[in-house]
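As structure tokens, one chain now follows by itself in the form predicted on its own.
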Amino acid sequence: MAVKDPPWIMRTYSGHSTPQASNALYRENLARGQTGLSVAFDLPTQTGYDADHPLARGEVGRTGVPVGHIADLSALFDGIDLGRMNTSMTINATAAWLLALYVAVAEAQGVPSRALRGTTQNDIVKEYLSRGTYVFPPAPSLRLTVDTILFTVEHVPDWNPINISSYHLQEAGATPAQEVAYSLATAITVLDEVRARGVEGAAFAKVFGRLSFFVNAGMRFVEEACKLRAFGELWERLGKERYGVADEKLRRFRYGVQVNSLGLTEAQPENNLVRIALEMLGVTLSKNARARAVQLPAWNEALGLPRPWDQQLSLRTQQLLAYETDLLEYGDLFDGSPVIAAKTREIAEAAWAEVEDVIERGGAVGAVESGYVKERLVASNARRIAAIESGEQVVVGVNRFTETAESPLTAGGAADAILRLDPAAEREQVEALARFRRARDADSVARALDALRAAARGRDNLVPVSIAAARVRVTTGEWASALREVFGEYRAPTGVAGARAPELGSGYEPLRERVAELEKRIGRRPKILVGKPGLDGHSNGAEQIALRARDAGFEVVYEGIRVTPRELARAAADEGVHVLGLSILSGAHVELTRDVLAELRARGVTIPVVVGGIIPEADRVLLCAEGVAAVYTPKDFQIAKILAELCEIVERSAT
């Protein structure tokens, strides 16, 4: 029998409600054959807030597990030996803190830091571009990133201290070449900062060898395979030519993957089963560019949170490919193919040209601060959506082959096909946090936070002082608040102001005429406020609505992510808008919408409110009963239709 290569690390991205509930889920997944953990944290944890902070309302335990302190992380890994586990943590702005907690919990288990294996994503650049869970300005954020890298290389040598994430760039609209280019530009910025700290020679080569990547894989799996081959070739070139890394092993391109959640559809969601399996081929078929770790989304993620069975099915999909097929018995299937070579070369050349452009603009940080990369992504995403709207890009079950039999997977209704969180979980987490604070030594906490501020004002590595803070039971919110005092906060460019909508031809003329007619009827241009309340940083949909509404003739107000309900109500009043559109993808749509409506009523503002997000049918009914004028979900992909309906809503409200 042929000798088989070992399979990749198999993970599912998971966490919800409480550390205890997530621990039970992790144990179930490991028992079913998962070989690594991939921890999803909730938005307060990712953005440095405790569960009782006003901005955390409605968000606790929604998109992942809340971790407010060392006891939470200890409960999360209860009964799981960190000395034997490979743990990936999707955390960026607060990565140094979560690593500190992880090291402190491992110490309590009797596991030394040098025995730990896993990954902190720790890629802050893409947070400014696509995912929105940044906290501090770019320069101090880069410092935290590099501090984490340098600490792990010395003290946690088998840890991947940064997982540069092109995944979210593709979600934000990046082409394959852009996905490669902007990720490499981030790596260059990080590595140049490491070198600027005086790290050279063998020590620098060791740092280069610990950098890893987290990529996306869509339906065009031949193109995706070529993208990864191009990625590897360019990483090799960087190591050799720019940084002089002589050791071939240290130049190896190492990456993990989650296949494309953006392409999962609410309509005919059973089609997602096939999509996920096909997308996995792009990162497994080519042996020389094969992923080191794979995590697959669940078929129903466009409907809501997946259940344990749904996650098991994604794990079984990996296991079928790894253990039942003969894929791992052969060399690279694509070597020698002129088609693959040509496509790989095309992507590599386009990506490298974009890398050079970003470097000329001041590197990744400079291109973020100027808004250049964000504008490029918004424009690229606009072209993708326009292609779906026009039918040029076929999405089966959405814009073609829409006739369907009832799916047995959702026969009981979409609400029965997803995990429904216990609404008491947030209250329990807040109460547990209060008990935790009462039981600790306040003087020790105060001294630890003073030491953290002092280190932040100086040049000391912030990870050791963070570990010391974790040991004396400092909370996530306290850690981040101390650094906010020193570093300040930041609001990234939205990319909407400088981006241009794609040429849409005659398809949008009826909409533009409708908006012009509405302007005549109400006496001024219809004005829409697009709002992102709460901590949800997934702004791609909001950006496209704002961009396309402006192109259609609306006056648009959009200030980006993390705007409180009170701030939105004030803006609605001050700007005199005709309609307020809320975009909430974190699952906190009911709580946050209620808060916005209450704030509008308190100010005497009577305008229609519409809501968009991943919203189950039962919640849609509830929101409409609360007074929401319309609810839009992923099945509503025709932006022109949405904007036409907004015209009708404004006209009814104004007459």
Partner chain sequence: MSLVVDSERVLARDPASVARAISLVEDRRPEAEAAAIELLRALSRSGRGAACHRVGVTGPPGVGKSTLVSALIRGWRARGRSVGVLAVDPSSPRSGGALLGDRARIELDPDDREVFVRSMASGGQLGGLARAAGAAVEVLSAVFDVVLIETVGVGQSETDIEHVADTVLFVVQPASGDVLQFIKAGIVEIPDVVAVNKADLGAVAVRAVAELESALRLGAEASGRAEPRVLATSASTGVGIGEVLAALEAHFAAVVAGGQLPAVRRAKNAAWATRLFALRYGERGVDQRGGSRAVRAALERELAGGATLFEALASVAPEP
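Residue numbers count along the first chain shown, from 1. Keep in mind the model is a prediction, meaning the values are calculated, not measured.
Heads up, the form predicted in complex with the partner chain isn't pictured, but that's what we're talking about next.
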Though the partner chain is not shown, can you say which of Glu389, Glu555, Glu354, Glu193 has a heavy atom within 4.5 Å of it in the predicted bound form?
Glu555
In this chain shown alone, the residue from Ala629, Val605, Ala40, Leu597 with a heavy atom within 4.5 Å of the partner chain in the predicted bound form is Val605
Just one of 125 to 133, 542 to 550, 160 to 168, 393 to 401 has heavy atoms within 4.5 Å of the partner chain in the predicted bound form; which?
542 to 550
With the partner left out here, check for me: in the predicted bound form, does some heavy atom of Ala424 sit within 4.5 Å of the partner chain?
no
Find out whether any non-hydrogen atom of Leu483 is located within 4.5 angstroms of the partner chain in the predicted bound form, and reply yes or no.
no
Non-hydrogen atom contact Arg84 with the partner chain in the predicted bound form at 4.5 angstroms
no
How about Glu236 - does it come within 4.5 Å of the partner chain in the predicted bound form, if we only consider non-hydrogen atoms?
no
If the criterion is a non-hydrogen atom within 4.5 angstroms, does every one of Arg316, Glu324 and Asp416 touch the partner chain in the predicted bound form?
no
Looking in the predicted bound form, the residues of 442 to 473 with a heavy atom no more than 4.5 Å from the partner chain, listed in order, are none
